[in-house]
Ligand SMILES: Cc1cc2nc3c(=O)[nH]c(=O)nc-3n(C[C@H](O)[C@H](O)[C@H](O)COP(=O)(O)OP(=O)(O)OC[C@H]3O[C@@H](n4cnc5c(N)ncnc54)[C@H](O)[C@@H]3O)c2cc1C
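As structure tokens, one chain now follows by itself in the form predicted alone.
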């Protein structure tokens, strides 16, 4: 095998997503003379644009798909190889692509991303959403659909449910509240009215209808209807499709076959028990069906709360698993419990000269008390950047410290047209019962939640234009004792920034 190497590169990066591309950019600018190869199966790469450092740890950026030639023009030392990886041989420092070519490397960084955790494999009626191609497939199938079932409770499910029009949506979530990865029940309750309200024109202030706050019983449902006769016109699908990230639905029209209403029914605290076709349904024991006749839908989904729904197709938005498949065979990688490649505080795996970054890896160093790994865009960028720094530092024999971005978890995104900022242990992760919450909520305007532990701020959720992110970030990083301020901390009449300048 070793003698078939077509070429040996100083650095090979696998994966054209945010982590891989950021790693390539970092390496190429640190060591402009080094031979770098990017191996990617897709003709398009994902690049970070409009990057803006908002505060010490918070950053905002857009993600764009671009042809890989853009990178090659920028870095003359870079070769882009369009193929998937078939196998990796860490002993001989080489890898083979699916088109049969073999490349050697001195240092390798695996940025293979994640793949959707599909509810079932090989079912034509189950669509997993992960990348731009699957989003376009969704758009195509939605245009003929009257009803879909969405399963999942992460960012993509939240966005999808909000954006779909002209199609009934049944949304199955395994938790007591929506958006459990990001929010507590209070924040979910703040956002829920957006599902019944008319969607604002782009960037217009939101109108909010009344809503009740009773919690649904376990296995209970909630239905929201918004009359959509005044649909917004003029969304065109010719804008460049961005990769899936916070704004993945921009520029694709998520429009079903029905005119008018948006209708979302929520089924809480349930998971999928079984998915079957109408033929299988007819030949199985009687099910508790809604109002429809058996056979009127191509696919049926039975939930663990005992309800069965017919629909045109099922969207599986249940998160991702690290995409380690082609790299494991014949090698000795240490894997984390979640299936990711274990990396240390220099982004190195357990195999010599092999690094990893982004969704494919799991951070196995001792984390700062205010940081946790979540498979998000911001972290893919940070890890790719830091992995590139570490690889360069090793080649140049320079010392390198764990980057500051791993001191404090921070993430900015948008849900239901609200700006959302998450800081630190924003959901009290890992704190057990040893924490208290302060909450300030102005219906339709803002939701502010602070997590305190031992009198110190350890996390926050900010929804709306609160302008508190920088102050709160400082309070968390400075570990200031806030006991003297008590409830006053969120008193809207006190300008908290002045306190802590």
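Numbering follows the first chain given and starts at 1. The shown structure was predicted, so the numbers you read here are calculated from the model rather than taken from an experiment.
Beyond what is shown, the protein has a form predicted together with this ligand; the following relates to that form.
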| item | value |
| --- | --- |
| Any non-hydrogen atom of residue 411 within 4.5 angstroms of this ligand in the model of the complex | yes |
| Contact flag, residue 340 vs this ligand in the model of the complex, heavy atom cut 4.5 Å | no |
| Residue 84 within 4.5 Å of this ligand in the model of the complex, heavy atoms | yes |
| In the model of the complex, residue 111 touching this ligand (heavy atom, 4.5 Å) | yes |
| Complete contact of 41, 327 and 378 with this ligand in the model of the complex (any heavy atom, 4.5 Å) | yes |
| Which of 331 to 339, 186 to 194, 368 to 376, 304 to 312 sits within 4.5 Å of this ligand in the model of the complex, heavy atom basis | 368 to 376 |
| Interface residue in the model of the complex among 269, 90, 323, 427, criterion: non-hydrogen atom within 4.5 angstroms of this ligand | 323 |
| Selected contact from 354, 156, 421, 169, since only one has a non-hydrogen atom within 4.5 angstroms of this ligand in the model of the complex | 156 |
| Residues from 5 to 23 in contact with this ligand (non-hydrogen atom within 4.5 Å) in the model of the complex | 14, 15, 16, 17, 18, 19, 20 |
